[in-house]
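Below you'll find only one chain, the form predicted on its own, shown as structure tokens.
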Amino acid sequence: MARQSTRSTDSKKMNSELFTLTYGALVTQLCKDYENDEEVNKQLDKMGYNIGVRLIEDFLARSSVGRCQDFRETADVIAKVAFKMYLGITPSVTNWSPAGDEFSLILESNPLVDFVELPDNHSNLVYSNLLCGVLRGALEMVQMAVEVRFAQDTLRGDNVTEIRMKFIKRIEENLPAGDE
């Protein structure tokens, strides 16, 4: 029995490392294909958005999480359920704005940046920008428009990775005429 649980742990670690290395190869190729970091950041966000739009269905089916009542509950679900489910980490939710429409996700460790060092000529690259797009795309599918950006990044010498999320508005569902 102990041998099987060790294999399961080794398999998860191997999958995680394979994902990290594959993501690194993707970012490297984007850096070669595009002339500047800003364009690479846009492409990573766009790819993440497309992933988030599709990933939300899987998340809702696998997590059995119901509709969140407010932005605070949404923040907790993102941190405690979604990040744990897909990246194996649980960021802390902190730095709420007084209006309650903005918060930070603090990642003590970011699995996307294992084995990564940013070259000096890519100082404007937001290496994990894919995550911002995933969050934005997934939340848009549940009628929440949000702004997502990196405020701090361990790849840039910060102590932690901080993703800042701001609620913009609730998106009204546009039903086709006659479907009301």
Partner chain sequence: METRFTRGKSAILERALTRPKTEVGAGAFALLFSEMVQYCQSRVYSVSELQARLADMGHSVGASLLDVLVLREKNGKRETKVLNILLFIKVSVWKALFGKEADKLEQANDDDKTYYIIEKEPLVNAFISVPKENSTLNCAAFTGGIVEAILTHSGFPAKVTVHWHKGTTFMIKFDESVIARDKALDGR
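Predicted model, so just to flag it, every value in this text is computed and none were measured. Positions refer to the first chain, counted from 1.
What follows is about the form predicted in complex with its partner chain, which we do not show.
With a 4.5 Å cutoff on heavy atoms, residue 167 does not count as touching its partner chain in the model of the complex; it lies far away. Contact check for residue 50: a non-hydrogen atom falls within 4.5 Å of its partner chain in the model of the complex. Its partner chain is not shown here, but in the model of the complex it comes within 4.5 Å of a heavy atom of residue 114. Although the partner is absent here, residue 43 sits close enough that one of its heavy atoms falls within 4.5 Å of its partner chain in the model of the complex.
Contacts with its partner chain in the model of the complex, taken as any heavy atom within 4.5 Å, map within 54-71 to 54, 55.
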